[in-house]
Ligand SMILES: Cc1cc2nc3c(=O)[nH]c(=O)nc-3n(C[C@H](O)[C@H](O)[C@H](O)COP(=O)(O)O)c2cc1C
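Presented as structure tokens, the chain that follows is alone, the form predicted on its own.
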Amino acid sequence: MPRLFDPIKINGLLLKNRLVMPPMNTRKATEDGEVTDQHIEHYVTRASSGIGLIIIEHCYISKEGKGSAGQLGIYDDKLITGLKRLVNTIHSEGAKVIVQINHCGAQAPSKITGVQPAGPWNIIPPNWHEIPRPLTIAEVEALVQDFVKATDRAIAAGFDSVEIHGAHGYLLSQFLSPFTNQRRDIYGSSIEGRLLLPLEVVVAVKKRLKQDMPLFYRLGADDLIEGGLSLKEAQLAAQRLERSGVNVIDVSGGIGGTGRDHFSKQGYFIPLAENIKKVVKVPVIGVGNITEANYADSIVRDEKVDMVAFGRIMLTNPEFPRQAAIELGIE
């Protein structure tokens, strides 16, 4: 049975262990979304700790999809040089690195983008403040190509692969959620319609990846709000994502910050990840304020998840992977 520090191979990507640093927005980019020396220092410190995989913070695929000041971008070829420098420094420390590509949709504030936010429908996401406009079908189709172009830039920069962001109330999560998507065309009406855009993005991105590059998808498996996406629908979505080409499902939850009262207990999203793992064959990443090596090792040994993401602890204690290895008796 696998353990936390056992290697895992996914397609052609070999990870030396199952410890993952999840994507966390550092707000260290320039106004144009460029990599800075602060990024390099932040990530190289954590790459040198023995972590197996780093997932770079969500990068916006178009200017209209930017979510915050200081957010890292991947919307233009001019950003490739900086991203390549970031990748090379992380690789030099022995870690693998992928990048999360994202469009914030209805959560892209006009004060940042200069335009009204747009999403599946004119419903304000939970804990948000601006009314979005509904995207036209032509605009939705164009967004698929924005994900494709971002993938091409990630490959050019040398990333080991990409993760598509489909959680936390951003664009693809908005389309999948019955709370935010009340369209009556092909991109709404039913779970099949709400899944259409995420699946189109997956299929299009998968075609651009090299054959040995695994495609990661961050799935919000429960909106944690009445009228939102349920675990049952998320399980169906996970199966469809797997069939469409996703090789790793990175499980999270909540939409627009819903459910924050659940976000303190160690492993708060592990039950969601375990239930997704029951219905798919691809590896699953679990997350949720995990701070203890023995706990993380146990959920891998018990096959609740295949990999474990350490977020807050990696921000406050970059040496955590090395310390975890010592605690578990790993040289």
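Quick note: we count residues from 1 along the sequence shown, nothing fancier. Because the structure is a prediction, the values reported are computed rather than measured.
Unshown form predicted together with the named molecule; subsequent notes refer to it.
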property	result
In the predicted complex, residue 318 touching the named molecule (heavy atom, 4.5 Å)	no
is_contact(residue 25, the named molecule) in the predicted complex, heavy atom dist at most 4.5 Å	yes
Distance check, residue 100 to the named molecule in the predicted complex, heavy atom within 4.5 Å	yes
Residue contact check: residue 194 to the named molecule in the predicted complex, 4.5 Å heavy atom	no
In the predicted complex, the residue from 47, 284, 287, 29 that sits within 4.5 Å of the named molecule by heavy atoms	287
Options 294-302, 274-282, 34-42, 54-62; stretch whose heavy atom lies within 4.5 Å of the named molecule in the predicted complex	54-62
Stretch 147-177: residues contacting the named molecule in the predicted complex, 4.5 Å heavy atom cut-off	165, 168
